[in-house]
Every structure is written in C-alpha cells, then in structure tokens.
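In the block that follows, a single chain appears as structure tokens, in the form predicted on its own.
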C-alpha cells in the first residue's frame, strides 16, 4: 500500500486541476475561432498525467521500490538554491537568479572546472534573454538587468 501513496497524491492533484479547469467559462467562438478553449489544455495535460500515474502505480505494484537512503549535503544545497532562486527573482532580477543558481548547482553537483560553470551560468541566461526578447518579442519583468537593458 505504501508505494501507492505518491501515485495517489498525484491523482488527487490531477483531478483537482481538471475540476478547476472545468470551472473556466467557455470563450466565444469569435475570440477562439477553431482553436482550443482555454480550459482544454490543462484538462488534456492532466489526462496524460493520469495515464502516466496509472503506469507508475502498475509498476510500483509489480516491482515495489527499494527503501531510499538519506541524501547528502548536495540535496540540501539544491533545496536551498531553489529557495534562494525565488528571493533573487523577486528582489534582484530573473537573470541574476538563473546565473547564480546554475553556478551553485553545477559546482555542488560535481563540476570541478570553475570556468565551465561560469561559462554555462552566463551563456544560458543570455541566450534565453536574447531568444525571448529579440526573436519571440516577449519582454521580461523589470529587475536590475532588465531595467538597465530596457532603459
């Protein structure tokens, strides 16, 4: 019974999301045209999620998982970085948060070459910013770097 706790919690979550999505009002055909209604996509995702949960439950029943050993310091560093990411995003800038998080995570997960960690933590946010801002024309929320860039 214990291996089915996680699939059970995930199933409840999926059903709640489907229920909430069904509460959304239908958009008029003039706005939506021949595309999906706003509530269709979350329902579609949660149905796929329920199918995958069924497969997970079946696998857990067939091959019960072994007990998990307690994780080391790397897990706690990762959890701390994810918490710090929120505060950096809220009070500094989204791109500073990405760069700092990527650097700390890559070094705590075992990357010994500092120049590689720095290169990745600078290149990825810069590429994301240029892709969304220049190619997709999506502006990011204001922060330290985005205020400087947007003027």
Partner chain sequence: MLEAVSAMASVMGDPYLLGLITITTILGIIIGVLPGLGATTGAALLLPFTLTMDPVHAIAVLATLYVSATFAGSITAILINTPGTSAAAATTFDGFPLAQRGEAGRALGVAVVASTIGGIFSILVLCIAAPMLAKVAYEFRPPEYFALTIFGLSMLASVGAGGAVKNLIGGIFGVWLATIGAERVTSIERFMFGNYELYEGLSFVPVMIGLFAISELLVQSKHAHRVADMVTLKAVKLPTREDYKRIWKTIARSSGIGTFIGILPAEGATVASMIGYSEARRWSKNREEFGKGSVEGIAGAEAANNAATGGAMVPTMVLGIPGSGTTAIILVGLMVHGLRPGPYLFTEQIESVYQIFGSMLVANVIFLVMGLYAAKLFARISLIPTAILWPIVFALSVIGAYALSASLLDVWIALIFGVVGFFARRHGFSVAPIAVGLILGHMVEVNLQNSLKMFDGAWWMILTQPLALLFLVLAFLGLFGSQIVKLITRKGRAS
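Quantities reported herein were computed from a predicted structural model and do not represent experimental measurements. Rigid core (definition): largest C-alpha set, two forms, superposition within 1.5 Å. Residue numbers count along the first chain shown, from 1.
A second form of this protein, the form predicted in complex with its partner chain, is not displayed here; the remarks below concern that form.
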| residue 56, heavy atom within 4.5 angstroms of its partner chain in the model of the complex | yes
| 4.5 angstroms heavy atom contact with its partner chain in the model of the complex for residue 92 | no
| said: Given that its partner chain is not shown alongside this chain, does residue 6 nevertheless sit within 4.5 Å of it in the model of the complex, heavy atom to heavy atom? | reply: yes
| field | residue 45, heavy atom within 4.5 angstroms of its partner chain in the model of the complex | value | yes
| Partner contacts in the model of the complex for 6-24 (non-hydrogen atom within 4.5 angstroms of its partner chain) | 6, 10, 13, 17, 20, 21, 24
| query | Rigid core fitted, is the C-alpha displacement of residue 44 between this form and the one not shown 2 Å or more? | reply | yes
| field | Threshold 2 Å Cα movement between this form and the one not shown for residue 132, core superposed | value | no
